[in-house]
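One chain comes next, on its own, written out as structure tokens in the form predicted on its own.
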Amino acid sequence: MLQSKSNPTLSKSTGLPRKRFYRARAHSNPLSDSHFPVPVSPSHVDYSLSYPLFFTSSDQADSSRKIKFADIGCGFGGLLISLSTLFPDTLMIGMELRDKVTEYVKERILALRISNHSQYQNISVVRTNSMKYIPNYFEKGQLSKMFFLFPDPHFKEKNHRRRVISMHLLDEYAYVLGIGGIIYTITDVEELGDWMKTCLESHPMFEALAEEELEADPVVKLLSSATEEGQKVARNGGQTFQAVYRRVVPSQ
């Protein structure tokens, strides 16, 4: 276990980073300019920095192993942590715009790797603006799952263009999702839930999963319980609204 005597940001009991040292504003403006490095193309993403157990810099260029799950706006990383052990052979990444929150997730993953030996080597996080740079990170059809859990509702109508689910952005998500890939969304804001469901329902490259498919999918059960926001909603007895859709070939 990590020792916290020399590092007050770590918990003495768990060795994990303390959230109070990494608090940030609940949301950021995704349309504002931020200063962080962005890969020129997916082939320029250095996997060895995020998954050192699986990659070295020398085998980065010709490796066929790719990230398959992307948690967009991953927050404090709760979903990634849960998915890591559920799909131990799948590479997955969280994409977060807030710098302090991203740093927390990095430290959390590092602490979990140290205290759990070979576990949690398949997850990582990157600070980026997914509304602008999704095509810089993923190739066509690369992903099999994308997650949008409790995104910023941007209540004002003039700010709806900042919403992470829109018809325009679904074009990009459809590009990086393989056929059969799944988009998972959930919110505690009914109007936003209706918005996301309407966008997905209206897009020709997505179709809703049947009820029996939702019940059989172990990931669906995590949508409302794995994240800090979901746990907060549950504690307060709030209601959630989810939309889960599959990437399909549009009918002619």
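Worth saying up front: this structure is predicted, and the values here are computed from it rather than measured. All residue numbers refer to positions in the sequence shown, first residue = 1.
Below: the form predicted in complex with a small molecule, not depicted.
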query: Heavy atom distance at most 4.5 Å to the small molecule in the predicted complex, all of G75, S130 and D152; finding: yes
query: Answer range among 177-185, 83-91, 144-152, 115-123 for contact with the small molecule, defined in the predicted complex as heavy atoms within 4.5 Å; finding: 144-152
query: Any non-hydrogen atom of I165 within 4.5 angstroms of the small molecule in the predicted complex; finding: no
query: 4.5 Å heavy atom contact, M95 and the small molecule in the predicted complex; finding: yes
